[in-house]
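Quick heads-up: the structure tokens below are two forms of one chain, split into structure 1 and structure 2.
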Structure 1
């Protein structure tokens, strides 16, 4: 009994220690974003001698953060929304339909999880569709990349919803669309939240696709502002850290609001799976 209590206390102390270790990079980023250029030249853990909140205003002006935020939000919300709206019905049909064709389609989707992005074919395809340099082209790329894992997660979650529910709804006169959107879709809320947050973080923070496939200063996204800002002011680490905080803040806010749904989706999937 005593040894169990000691083990519990040790695990709690280990958890607290790991939390501190994880928070150190956040602390360094925030602290150094509030220093003068001279103080932030060598990033460290020390508090600034004077807090320079104006660093954030300078970064917002110089890096055109307003336009970049609008572009990132447009690309992210449309991509995530379409992944959910298109992926959820596909996952439902594949899970409920036990035919060989459904199994084949699911297998093809799983192959998509193992294929790494290749730039050259994407360039060729976008050129053929006349979508190079456009937000629509990047949105379609994100839908193609993240749909396989999203459909698979929703497919596994739907195993926990009994098929008798569908039969009862059909007996009550539900058509296919009403069955899915009025009964099944609301019951998928935990896994939809999990998939949405996962895709939101991946799309929002992505640096590679915008730099390859978006052209012009009007299409700049938030991650790209760090790249261009660093190129122009590579010795002004206080501005660079402030820019990192601005880019990270929306993801952090979304995660804090939706974390309970993420945990619910993961735990329900684990229990039912």
Structure 2
């Protein structure tokens, strides 16, 4: 029993040691983001001799963070909202209407889960729709790329909502739209939360679509600010790190509030996908 306790303590210590190794990069980022440019020239573990909070204001100005934040927020919220709003009815119909067409759409969805989409030909699609370099274009791409897994997870969830529910609503005179949006949609809340938060993180952090398809400084997103900024301000680590903190902070806040849903999304998404 005693050796068991010692083992526990050892494990605890091992865990804390490993967690230090994992967290050091974050520590460096935060500490050095608050130093003067000269002091941060050689980023180290020491605390700043003076806290330069104004670094953050400076970065927000020179890296165009305000606009980028607005763009990232717009793109993320609209993409995630539309993935839910357009995808949830699909999951519902595919679950309830078991016809040949339904099977066909479902297999298309499963193909979407398995293959890696081709990005370059999207240039052609965006060009012909006159959406080149626009936020709307990127939003539509996100819906196309990220929704298969979301629709699939919602479809699985709906198996647990019995069809008797629909029948009762129909008896009471519910039409198709009301049945879905008034009865079913609210009951999907847990899975909607999982899917939205999961998508939020993926879209917020994505760099590939913006670098391929969002040209022009008007459409800059947060990951792009880091990419361009570190190229220009090569050795001003204090500013570079401040930028990193600003971009990561919203995700951290969301994570702290919605841990449960993120983990649920990652595990079910990963294992089923």
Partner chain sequence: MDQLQKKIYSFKLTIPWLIIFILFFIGPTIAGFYFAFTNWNLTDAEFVGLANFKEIFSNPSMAGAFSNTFTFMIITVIFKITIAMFLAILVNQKLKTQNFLRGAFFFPVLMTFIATGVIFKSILHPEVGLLNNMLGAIGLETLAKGWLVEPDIVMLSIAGIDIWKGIGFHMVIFLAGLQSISSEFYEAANIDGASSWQKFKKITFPLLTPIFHANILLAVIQGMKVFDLVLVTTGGGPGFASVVINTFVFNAFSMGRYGLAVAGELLLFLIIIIFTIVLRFFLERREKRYGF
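Under this definition, the rigid core comprises the largest set of C-alpha atoms superposing within 1.5 Å between the forms. Everything numeric in this text was worked out from a predicted model, so none of it was measured. Positions refer to the first chain, counted from 1.
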item	value
Number of the structure representing the form predicted alone	1
Did residue 40 shift 2 Å or more between the two structures, C-alpha, core superposed	yes
Rotational displacement of the minor rigid part between the two structures [degrees]	13
Cα displacement of residue 255 between the two structures, once the rigid core is superposed (Å)	2.8
Core superposition result - C-alpha of residue 10, shift between the two structures, Å	8.8
